[in-house]
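To begin, one chain is listed below as structure tokens, in the form predicted on its own.
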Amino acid sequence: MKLILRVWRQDGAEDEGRFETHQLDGVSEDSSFLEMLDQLNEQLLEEGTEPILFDHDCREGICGTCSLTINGLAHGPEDSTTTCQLHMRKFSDGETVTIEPFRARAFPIVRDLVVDRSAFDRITQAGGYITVRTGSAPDGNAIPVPKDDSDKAMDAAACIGCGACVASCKNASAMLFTSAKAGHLNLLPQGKAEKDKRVLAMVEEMDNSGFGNCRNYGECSAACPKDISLDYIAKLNRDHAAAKVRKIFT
């Protein structure tokens, strides 16, 4: 198949970006989107042109690195799919495909399609962990956990931190990411000891990093390749309100 590719190019964080148009022939319908970009870069190198920079790592839908906006959609047109797992059969022969980096003030562009998502790391560092002393590893059945709680915790832990929720939100909110990272710990007995401290610290860091406010549009969950539910945002709001009240009266 043949494609017309409109790709965002930007030489550096302070430089003005631009779209470049390239024609790519002989694209296999069975290749992944990132493999198609590899093919484009091979063509550019043969032409003596600087290749396009884009993030990638595992290419198995696990690492969350492949942060691309494709035809206006974070990760592209297929639901519950990362960019690296998106196949070219989702596109038509001769189609024009527009490829951009994730757009958010908290995700500054480094170069071309690469953005700096270290704001997510700071949110996780603020409270996405457990520090209470638990001694040696306990027996797996020593602390009973209701199945509903364990299932919800596992669903929240599926978040890969790709940033599609931020890129798709009109306000560039990170509430879905933050609620997932806090939620999977807050739902389990081991995480409840630091629940209030965790929620307050992570939300504060989220706000300090420049993310927008959540307005419950729902685009974040729709764009999420791991189908993280909006229910986690509701839980984070409840946990945060309760933590603030307890902090005032203690």
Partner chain sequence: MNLDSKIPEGPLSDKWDNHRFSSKLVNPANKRKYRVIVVGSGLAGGSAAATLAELGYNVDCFCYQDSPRRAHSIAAQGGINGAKNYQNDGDSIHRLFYDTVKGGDFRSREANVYRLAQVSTNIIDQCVAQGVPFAREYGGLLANRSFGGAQVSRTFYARGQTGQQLLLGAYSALSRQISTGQVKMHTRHEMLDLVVVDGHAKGIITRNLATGETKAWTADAVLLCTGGYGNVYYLSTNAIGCNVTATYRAYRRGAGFANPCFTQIHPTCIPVAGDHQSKLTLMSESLRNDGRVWVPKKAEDCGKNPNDIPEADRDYYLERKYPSFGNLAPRDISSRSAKEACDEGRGVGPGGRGVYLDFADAISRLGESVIRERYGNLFQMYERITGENAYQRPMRIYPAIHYTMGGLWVDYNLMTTIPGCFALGEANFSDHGANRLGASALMQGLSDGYFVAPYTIGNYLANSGAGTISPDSPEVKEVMESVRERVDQLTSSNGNRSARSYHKQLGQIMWEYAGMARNAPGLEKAIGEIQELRDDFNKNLLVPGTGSNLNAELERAGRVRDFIDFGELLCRDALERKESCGGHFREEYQTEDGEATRDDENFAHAAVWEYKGEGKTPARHKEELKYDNVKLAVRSYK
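Positions refer to the first chain, counted from 1. As the structure is a computational prediction, the values presented were derived from the model and not from experiment.
The discussion below concerns the form predicted in complex with its partner chain, not included here.
Colleague: For the chain seen here without its partner, which of 142-150, 168-176, 92-100, 69-77 has a heavy atom within 4.5 Å of its partner chain in the model of the complex?
Modeller: Comparing against its partner chain in the model of the complex, the contact stretch is 142-150.
Colleague: Answer with yes or no whether S28 is in contact with its partner chain in the model of the complex, where contact means some heavy atom within 4.5 Å.
Modeller: S28: yes, in contact with its partner chain in the model of the complex.
Colleague: Quick one: is D207 in contact with its partner chain in the model of the complex, heavy atoms, 4.5 Å cut-off?
Modeller: No - in the model of the complex, heavy atoms of D207 and its partner chain never come within 4.5 Å of each other.
Colleague: Is D55 a contact residue for its partner chain in the model of the complex, using a 4.5 Å heavy atom cut-off?
Modeller: Close contact exists here: in the model of the complex, D55 approaches its partner chain to within 4.5 Å, heavy atoms only.
Colleague: Do L185 and its partner chain come within 4.5 Å of each other in the model of the complex, heavy atoms counted?
Modeller: Output for L185 is yes: heavy atoms within 4.5 Å of its partner chain.
Colleague: Which residues in 26-55 have a heavy atom within 4.5 Å of its partner chain in the model of the complex?
Modeller: The stretch 26-55, when checked against its partner chain in the model of the complex, contributes S28, D30, S31, E35, D38, E42, L45, E50, P51, L53, D55 at the 4.5 Å heavy-atom cut-off.
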